[in-house]
Every structure is written in structure tokens, then in C-alpha cells.
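Two forms of a single protein chain come next, each set out by itself as C-alpha cells; they are called structure 1 and structure 2.
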Structure 1
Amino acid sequence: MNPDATSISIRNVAKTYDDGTAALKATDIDIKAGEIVALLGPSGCGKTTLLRSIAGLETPDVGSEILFGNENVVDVPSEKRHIGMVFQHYALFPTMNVAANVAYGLKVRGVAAADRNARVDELLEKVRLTAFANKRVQELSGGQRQRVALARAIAPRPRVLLLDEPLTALDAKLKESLRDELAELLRQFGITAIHVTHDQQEAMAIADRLAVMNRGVIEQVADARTLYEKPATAFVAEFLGHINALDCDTLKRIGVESAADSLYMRPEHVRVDVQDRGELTGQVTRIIYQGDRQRALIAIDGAQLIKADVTAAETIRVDQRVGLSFPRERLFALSDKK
């Protein structure tokens, strides 16, 4: 692990705007040194506010504590927090070339030119942009720019790296490849990192743990598997992947008794039988081929619509009658209802 990396403790951090709206309600979260945590949620959920409060670019409400190791930095100005930040739209300095951008954080700290150049060379090599050192940033593609921005943020060996939707501005396929590269680089650097995104795939691919946020509140913090398999709230369940909410009526018909109004099951756990055998029968209304599987929408006779995944090889047609079974061990309840 990187010796510069710090643990971070967020205590009671909240942000209320002057007009009284709470962008972020009192929030606590602990991040270990070297850990990569994603703040995941839809627009307006408060994830960016939390990140910017950690960065010192937003002033949280009185009483908020942000601990870097043991030091409360809430009153430390941003430029003295020793952080690195990567922005959605790159925010590279347009008047400087690639190397000067990467060197900037070292220059303002008064690092000698020779050391600066060595560090810049090292980082440009890491992000595979050595050949671009003297290019103007305007000549680079989006993916290249974001790699420069990452190198620039990492160059001064910050205590924590903050990433604000770093891949959102990129094309789907490019996003995927840069996502893997970013995950790899962050692990190489061994740096504590907080990564804001609205994309659950991206969060799962990059982060060690995910904090799912909604309406200014962290609903659950856990690793991807726990979030997916044991979601605390319907929001978390719905935000990571898809769910079927089985209503009372459906539950009664499959003979399940439950104190909750509904129980949940993920589409890949619903068993579909093309021979029309199962606990319930229904009619296929739509099939979406997804390459490695098919997502079927099935209308249970006289009742609700169920999403179910079948293998890509299964022959299933729209309007076909199929049987559905709901393995009991895959049914789960939630404390909170949306």
C-alpha cells in the first residue's frame, strides 16, 4: 500500500443550502487507507456534494467532521488538504501542454524541476501517454484527456484521490476499457480513492465497497456482492440490477406467507420452463436478447408482469406460454419500501 494513503472518517457531514434544502443529510462513513469506495446514486442524491465537501470545495454545515487519519480537515482550505481530484469534463489547463498539466501540482508545491520531470515521465508512462508529453491538451481524445487528468491528480502523491464521474463523458465502449484501466491503476497506486458515479456497472468494476445514496442519505455501504444479494432497501435492490416485486396476490398463489406486503426476486433467479410446467403459468410479452442471456417479460395469467432471465441458447418466443417457478431461497424481504 501507498505510504501517502490515509484513512478517512466522515462524521455527521451535512449540507443545507441557504434556501433550506438539504443536499446532504448528516452522513457517516469510514474509509480505510488504500481502500476504493464508490458513492453511487442518481443525480441529486448528494454524492457529489459529499465528494466536494471532502475535497474542501464545498463548505458542509457546522458540526461536520472530516477526518484524514486523525486530523479534522473541515476547516483546512482545499489547497492544503493534499488531495487529488479528477473531474467529469477533465478540467485540464488549456494553456499548458500535457507535461505541464501533470507537473502543475508539483510546481505549485515548489518541487525542483528535475524531480518534477522525473515524476511526470513516470506517470505519463503509467497512463501510456509518454508520446503525448508535448502535445496541447486540445489535441487529445476524451479518454486520453482523462488519463492525463488522472496522472495530474496523482503526481503530487495526494493522501486521497477523489473522482467525480470520471467516465461519464465517454462513449459506452471506451468507458468500459478505461474503467478496467482505471481499476488497475488505482490498485497499482494503492491510494485511498472515492469515486462518484451514477453507473452501477462502473462502481462494481472499480470500487472495493459501494455507498448507495438516495435523497441525501447513504442507504447502504457494502461490497458489491452484499449489496446485490442482501440489499437493505428496495432502492438499493433496484439500483443495482433489476428486481421483481411479487405482490400479495402472486405470493398467495405460490403458497408463500409473508408479513411483508411483497417479497423480491431478481430476474436471473426466476426459473422459466418452456414446457409450461411450474408454480404459475404466463405468457411471454417481450424478449430482449442480451448476448449472454435473454431477458423475458412474462405476464402471469391475470396478474403481474415478471422479468426473468433465460440462457441465450433457450428457444423462447413472444406469445409463448411458459411456466414460472420461484425458488424459495432466492426470495427476500426488505425493511424499507419505496
Structure 2
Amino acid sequence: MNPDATSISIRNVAKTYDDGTAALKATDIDIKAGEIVALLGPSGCGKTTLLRSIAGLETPDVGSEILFGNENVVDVPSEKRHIGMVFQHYALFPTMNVAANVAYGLKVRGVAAADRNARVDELLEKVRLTAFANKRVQELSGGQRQRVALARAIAPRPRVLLLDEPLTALDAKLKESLRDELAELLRQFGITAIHVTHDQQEAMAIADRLAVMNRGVIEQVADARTLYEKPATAFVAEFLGHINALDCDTLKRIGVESAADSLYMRPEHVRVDVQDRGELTGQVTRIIYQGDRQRALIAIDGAQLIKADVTAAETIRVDQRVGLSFPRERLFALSDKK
């Protein structure tokens, strides 16, 4: 772990605007030194407000506490919090070359030229841009610019790195490539990082843990597997994928007793038998081709519609009769329901 990294404790952090809008309700979360945490959720959920509060760019409500280690930085100006930031559009200086961009923060802080150059050389090697040191940023690809922005943010040895939707402006194919590269670099640097995004796949690929936010509240904090397989709320379950809600009638028909009104199962866990054998049978009403798989919408006789995934190689067609089975270990309950 990077010795410069620090733990972060968010205690009762909230933000209410003058018109009474509660952009962020009282929020608590602990982040370990060197951990990467994604703040994940739709637009308006409060994730950016929380990030800006941590950065010192937003003043939270009275009673809020933001601790870097044991220091409450709520009243500390942003420029004195020793944070690094990477923005959506990177905010690089177009008139400077790559090395000068990386060195900028060090120069502003009065770091001696020899030390500054050594740090720049070290970081350019780590982000694999040594050969581009004298290139202007306009000559770089989107991925290379991202690495310059990351190196510049890391150069002054910040206690915390904040990333505000850093991949949003990229096309889908480049984004997929760069999210893996970003995850690798962040772990290489070993710095405490908070990454804001609305993209579930991006958050899962980069972060150690994800804090899923909705309407100004963190609904659940966990690693990606736990969130996907054991979501605490309907919002978390649906935001991180698709689910089937098996109602009481369906549960009775497959012999499952539950105190809950319904239990849930992911489409990929529903077993489909094209020979029409299973616990229940139904008719395929629609097929959605998804590349490596097909999602079939299946109307159970006299009951509900079920989403089920089968491989792309499976022969299945609309109006076909199929059997369905529901592995018990894949059923889960939620603490809330719609």
C-alpha cells in the first residue's frame, strides 16, 4: 500500500440547498487506506454531491464530518486537503507537453526542479508514457490523455484520489479497454480512490467495493459479487442487472414456501429446457439476441412472464413450448419491494 494513502470516514454527511432540496441525506461510509470505492447510481442520486463534499468543493450541512485518517477536513479548504482529482474531460493544458502537464502540480507547490523531474520520470514510466514526454496532449489518444491526467493527479502524492466520471466521454469500445487499464494503474499506485460513475460495468471492473446510491442515500455497500448475488433492496437488484420476481402463486407451484410476498432470481439462473421439461412450462413470447446469449421472455401457463437467458448457440424460437426450473440456491429475498 502507498504510505501516502489515508483512510476516509464519512459521518452524517448531508447537503441541503437553500430551496430545501436534499441532494444528499445523512450518509456514513468507511473507506480503508488504499481501497478503491465506486459511488454508483443514476443521475441525481447524490454521488457527485458526496464526491464534491469530500473534495471541499461543496459545503455539507452542519454536523457533517469527513475524516482523512483522524483529521476532520470539513472546514479545511480544498487546496489544503491534499487530494488529487481526475475529471471527465481531464482538463489537461493544451499548450504544455506531457511532462509539463504531469509536473504542473509539483511546480506550483515549489518542488525543486531535480526532484520534480525525477517524480515526472517515475510516473511516466509507470503509466507507460516515457516516449511521449515531449509530445503535446493534442497528439495523444484518449487513453493516453487519461494516463497523463492520472499521473498529474498522483504526482504531488495526494492522500486521496477522486475520479469524477473519467470514462464517460469515451466510446463504448475504448471505455471497456481503458477501465481495465485504469483499474490496474490504481492498484499499482496503491492510493485511496473514490470513483464516481453511473456505469455498473465500469464500477464493477474498477472498484474493490461499490456504494450504490439512490435519491441521496447509500442503499448498500459491498463488493460487486455480493451486490449482484445478494442485493439488499429492489433498487440495487435492478440497477445492477435484471431480475425476476416470483410471486406467491408461482412459488407454490414449484413447491417453495416463503414468508415473503415474492422471491427473486436472475435471468441467467433460470434453467430452460427446450424439450418442454421442468418444474413449470410456458411459451416463448419474445427472444432478444445479446451476442453471447439470448434472453427469452416466457409466459408461464396461467401465471407470470419470466425472463431467462440461454446461450446464443441454443435453438429456441418464439411460440416454442419450453420447461423452466428454478434452482433453490439462486433464489433470494429483498428487504424492500416495489
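Here the structure is a predicted model, which is why all the values come from computation and not from measurement. Whichever C-alpha set is largest while still superposing within 1.5 Å between the two forms counts as the rigid core. When a residue number appears, read it as a position in the sequence of structure 1, where counting begins at 1.
Participant: The form predicted on its own: 1 or 2?
Facilitator: The chain shown second - structure 2 - is the form that fits the description.
Participant: After core superposition, I'd like to know whether residue 137 moves between structure 1 and structure 2 (criterion: C-alpha shift of 2 angstroms or more).
Facilitator: Yes; residue 137 is a residue whose C-alpha shifts (by 2 Å or more) between structure 1 and structure 2 when the cores are overlaid.
Participant: After the core is overlaid between structure 1 and structure 2, has the C-alpha of residue 77 moved by 2 angstroms or more?
Facilitator: Not so; residue 77 is displaced by less than 2 Å.
Participant: By the 2 angstroms cut-off, has the C-alpha of residue 98 moved between structure 1 and structure 2 once the rigid core is superposed?
Facilitator: Result for residue 98: yes, a 2 Å-plus shift.
Participant: Can you give me the Cα shift for residue 261 between structure 1 and structure 2? Core-superposed, in angstrom, one decimal please.
Facilitator: So the C-alpha of this residue moves 2.8 Å.
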